[in-house]
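Just one chain is shown here, as structure tokens, and it is the form predicted alone.
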């Protein structure tokens, strides 16, 4: 018995000892493949994100520490370092550069608050009105989404023609037909440019709010409204007690997205006013463009862009913190 066991093949004994590990090896390989497959599928998007966003962002941050002007365009790496000089110039509000940037910042804040508020209000009102079934509801929903579906250039250039002083539709209606003004107004220059920019922004942005709120309303059970109606709750009470609380999480995301889009909006003012926006409608995105590509001071423009990025990060972080605390309090 002992001799037979001792004379067994060593390789055979090794195979018998290693059989549990060999059985676990395919399972481990399959687990690794299942875990690694999502990351493999995300790899192309991550690479494109790196090339399109992160790399230019890093280059812009580096440029903000250089005295990069038109004299170093061909070899911007040879531009001398300025350290924090561009940032000091941007935040020196007693100097012309800092004063102009501060004015542009306040204009952008006012414009963003008004635009986001009006977009949310109009979009939410339209979405609530479109909840009840009636003839032609589908057609109205499709028409409401037309401004959002149109390309930005095609939509804004149409408003440029409508805001023309001599032959624009806006002056024709307000002055010639309704007689609400003493004379035709200049909408693309002067103080009225802010109103024109706000009108175009709201017209272009409220269908997005309408679409998101309308999707959120689909998750509210109709039984809640029926029970509230039986208890004697009117339409406003139903909106206040049922609709708005149920849309809280949707509105939190919607307001944040609208804020970021509006604050960074460059296409609308650029197409509406061109390279030189009026002082009343000098949004910070166009202001940074003028500082970079009109005056050819890319270092200062990059510093302004970094300051804008930091501001948006801080506002977004504070907003998410406050909304998360509010959500936890509501859950408790």
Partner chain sequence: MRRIRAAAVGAVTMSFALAVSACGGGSSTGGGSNDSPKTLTYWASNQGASIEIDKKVLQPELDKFEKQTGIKVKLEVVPWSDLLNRILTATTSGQGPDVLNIGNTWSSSLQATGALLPWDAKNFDKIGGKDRFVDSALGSTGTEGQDPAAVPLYSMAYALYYNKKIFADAGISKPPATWAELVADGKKIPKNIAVLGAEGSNLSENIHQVFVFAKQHDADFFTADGKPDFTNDKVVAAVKQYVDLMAKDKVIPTGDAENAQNQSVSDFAKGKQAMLMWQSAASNLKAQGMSEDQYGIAPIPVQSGTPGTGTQVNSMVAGINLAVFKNSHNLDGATDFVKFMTSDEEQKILNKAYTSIPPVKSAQEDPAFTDASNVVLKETLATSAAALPQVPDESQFETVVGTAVKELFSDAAGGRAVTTDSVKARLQKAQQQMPAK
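Heads up, when I say rigid core I mean the largest set of C-alphas that superpose within 1.5 Å between the two forms. Positions refer to the first chain, counted from 1. Note that the structure is predicted; figures quoted are calculated from it, not measured.
Although it is not shown, the form predicted together with the partner chain is what the next lines describe.
Student: With the cut-off set at 4.5 Å between non-hydrogen atoms, does residue 65 touch the partner chain in the predicted bound form?
Tutor: No - in the predicted bound form, heavy atoms of residue 65 and the partner chain never come within 4.5 Å of each other.
Student: Taking heavy atoms only, is residue 178 within 4.5 angstroms of the partner chain in the predicted bound form?
Tutor: No.
Student: Residue 190 near the partner chain in the predicted bound form, any heavy atom under 4.5 Å?
Tutor: The answer is yes: residue 190 has a heavy atom within 4.5 Å of the partner chain.
Student: Even though the partner chain is not shown here, does residue 71 get within 4.5 Å of it in the predicted bound form, heavy atoms only?
Tutor: Yes, residue 71 lies within 4.5 Å of the partner chain in the predicted bound form.
Student: Listed by sequence position, which residues of 196-235 have a non-hydrogen atom within 4.5 angstroms of the partner chain in the predicted bound form?
Tutor: Stretch hits: zero.
Student: If the two forms are fitted on the core, does residue 279 show a Cα displacement reaching 2 angstroms between the shown form and the other one?
Tutor: Residue 279: C-alpha displaced by less than 2 Å between the shown form and the other one.
Student: Superposing on the rigid core, I want to see if residue 67 changes position between the shown form and the other one - specifically a Cα shift of 2 Å or more.
Tutor: No.
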